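Shown here is one chain on its own, the form predicted alone, set out as structure tokens.
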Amino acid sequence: MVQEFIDSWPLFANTYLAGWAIAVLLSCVGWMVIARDQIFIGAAVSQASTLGIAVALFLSSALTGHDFSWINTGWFTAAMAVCFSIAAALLTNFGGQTGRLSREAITGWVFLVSSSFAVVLLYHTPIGMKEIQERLSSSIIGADQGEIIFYVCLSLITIAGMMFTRRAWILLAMDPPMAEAVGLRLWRWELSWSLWLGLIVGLSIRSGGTLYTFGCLVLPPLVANQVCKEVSKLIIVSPLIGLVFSIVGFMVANYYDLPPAQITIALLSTLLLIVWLGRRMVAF
């Protein structure tokens, strides 16, 4: 298996490196989603990012023949994905703080609206529907070296930022009233968290797809949460799990000629089940 993977390296090196970098990046922020018990927000933000891509493709199709060549560029599609994911993260985090709708209700609404409109907008455009189906099925698209460096830099920035401010983030996740009592301005921290989550998910969705993005966001932190006794350790353990199992998943996928994103998420899901059952057996 290892030799076959090494032989495939010259052809798929960029895809492998991009997939691993995305797994680490998403795992770096996913621990906060798990610590705050907001797992479904990852699905909602991922789906909103897909809607952003659908809107970009719809505009590209609708404005064909007009002087809007910049709409057909990859950066515009990526920008729309990021804008929609950031808007979803802001709405789910701040929308439930006022009014009669809870945060969970707004999260569910964002997911359903994004899922339905992404298909409706592109239903009569075969190329657009193919693009959305690829996003939903998580067909990892080959990336260039610039994108790999970009994802790696984002991962390092995220890890460094989380480590230097981990006490504040842990307090914000575990006990927001206490965080406010000791002087933290919650709205500023909530705003920065929403913007960063939306940015990372929006960028990752373009290369990794919905399943891979959502899976790497929540599964490594869920596994880490089962084996770590302290929340502070999740910041390090989560990206390590994401990196190791994305490497293993890509190797298995290459050997058996299977889709790497699905294999990686299947392995992480199986690992979570094993760890959870192990803890249950120990408890008994």
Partner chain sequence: MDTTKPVDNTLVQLTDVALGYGRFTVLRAVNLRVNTGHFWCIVGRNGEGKTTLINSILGMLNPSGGSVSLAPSLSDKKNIGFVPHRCVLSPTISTTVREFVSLGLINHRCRKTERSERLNWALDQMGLFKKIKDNYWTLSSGQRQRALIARALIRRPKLMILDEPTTGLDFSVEHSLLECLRELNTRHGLAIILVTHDLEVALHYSSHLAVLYDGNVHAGPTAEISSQDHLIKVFGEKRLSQVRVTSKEAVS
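Numbering follows the first chain given and starts at 1. Please read all numbers here as calculations on a predicted model, not as lab measurements.
The form predicted together with the partner chain exists for this protein as well; it is not shown, and the discussion that follows is about that form.
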With the partner chain left out of view, which of Ala79, Leu156, Leu101, Met178 would have a heavy atom within 4.5 Å of it in the predicted bound form? Met178
Identify, from the list Ile41, Ile34, Ala253, Ala56, the residue with a heavy atom within 4.5 Å of the partner chain in the predicted bound form. Ile34
Segment assignment from 212-220, 244-252, 43-51, 231-239: heavy atom within 4.5 Å of the partner chain in the predicted bound form: 231-239
Do Arg188 and the partner chain share at least one heavy atom pair within 4.5 Å in the predicted bound form? no
Evaluate Leu91 for contact with the partner chain in the predicted bound form, applying a 4.5 angstroms cut-off between non-hydrogen atoms, and reply yes or no. no
I'd like to check something about His124: if you look in the predicted bound form, is any of its heavy atoms closer than or equal to 4.5 Å to a heavy atom of the partner chain? no
Tell me, yes or no, whether Ser60 is in contact with the partner chain in the predicted bound form, where a contact means a heavy atom of each within 4.5 Å. no
Quick one: which residues from 179-197 get a non-hydrogen atom within 4.5 Å of the partner chain in the predicted bound form? Glu180, Ala181, Val182, Gly183, Leu184
